[in-house]
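Presented as structure tokens, the chain that follows is alone, the form predicted alone.
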């Protein structure tokens, strides 16, 4: 039996309070379609399935269904770590778009998370970019600040700014102008194997309360069972790394800047603060001192942790609810004793809130993706078919498809998606969704700066690598990273 080891009654107060503090800073814009002040697993379940939406009719008001045109479109597609269900929904989306808009010639290209930004930058330099692009949340301000993107707000495709998370809208806003629309937003949770905990002498029904506990638990699992305790990820230029290290950094009270505060100014670099160094020390202790994490952590992505977890060779990791479905997909491909062993792991899979720091601070990356329209001078052929671009953006950011395209591992960018019948269906079908959805109030967006991709994908992983390989001490690695950020920001 799998189960959620999370007290909903406790969550009511803490989740609502955290949500108001971290995500309601733009509440003056107007009332969102859901009551964010009531956010809890019970509230999410109560609004699911309460409203119907007609996507084709809504998008017809933006771009007529008989419109004839052509659209080139790039997007971050599914990758090896995604469940089969998500692959099917991506297939369904493009089939539905072509059926809804049969006269729009769509030329789409899927790229992996790790390839998308670099290939998009190269295309821009050669004036060979697509007309529209869906980028990870880090990309919006970088390309808006450089003048590549057209202004684009939810109202341009028939929705309201208040239909989207305030924190998500920050990631598509540069110098007061909106340059994109969120497609999905997500937070992850802490996953552990209850059977491994029990055999290691730990409480099988309780996640580690703090990051210091993660270090202790990881060592205890490794010392008693001879397997990896925590699934550390430190690969360079891979989104998995900041998504898993930044919650640890913030929990200890550190940060790149003051991005974890309610109203960040980004005026002071904090990577070399004692709190940031304490977070880095925790990773050093697990990798170097205790050797309690996979030796391949320096090159691992989450997709590398998944088979280790399924094989019973990894005790803890951070990831999405979709990892449960991934485990089921992988288990179907196993045979004999491996299949039975995998089933045991699945039966003992538990989800809980990400641990806190020493002062009780809990944090997680407020992640997701956004969709944008390019300026014509950077597009191959020098022309952008705006009605065609707005047609696909309207459909992708609709309550229906922003939910379906985030079905297994994320959440709809359009808050109305939480009210659809598909949300009710996924709450019933996807185990542990309540837990990851309950982490949303603790979400912290990456700094809304053009330099954020360089900082998060290069400088932060470099800091980890320098400390974990012994190329630098923990203090030196943190100081070096802070200097790189200051240099990048022009001497902060």
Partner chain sequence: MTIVTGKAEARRRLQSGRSGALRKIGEHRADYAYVLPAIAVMLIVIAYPIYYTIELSFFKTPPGLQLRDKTFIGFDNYTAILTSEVFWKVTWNTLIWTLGSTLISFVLGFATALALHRAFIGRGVLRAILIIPWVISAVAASYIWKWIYHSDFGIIGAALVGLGLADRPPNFIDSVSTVLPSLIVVNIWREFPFAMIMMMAGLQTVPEQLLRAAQVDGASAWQRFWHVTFPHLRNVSTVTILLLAVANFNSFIIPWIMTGGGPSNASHIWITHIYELAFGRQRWGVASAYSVLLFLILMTLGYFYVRALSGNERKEGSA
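Numbering follows the first chain given and starts at 1. Computed from a predicted structure; not experimentally measured.
The discussion below concerns the form predicted together with its partner chain, not included here.
- For the three residues 145, 308 and 466, a heavy atom within 4.5 Å of its partner chain turns up in the model of the complex in every case.
- The closest heavy atom approach of residue 235 to its partner chain in the model of the complex falls within 4.5 Å.
- Using a 4.5 Å cutoff between non-hydrogen atoms, residue 287 counts as a contact of its partner chain in the model of the complex.
- Its partner chain in the model of the complex is approached by residue 462, whose closest heavy atom lies within 4.5 angstroms of it.
- Contact annotation for residue 122: at least one heavy atom lies within 4.5 Å of its partner chain in the model of the complex.
- The partner is not drawn, yet in the model of the complex one stretch among 82-90, 253-261, 293-301, 102-110 has residues with heavy atoms inside 4.5 Å of its partner chain: 293-301.
- Interface residue among 42, 58, 454, 425, judged by heavy atoms within 4.5 Å of its partner chain in the model of the complex: 454.
- Of the residues 343, 160, 313, 96, just one reaches its partner chain in the model of the complex with a heavy atom at 4.5 Å or closer; this is 313.
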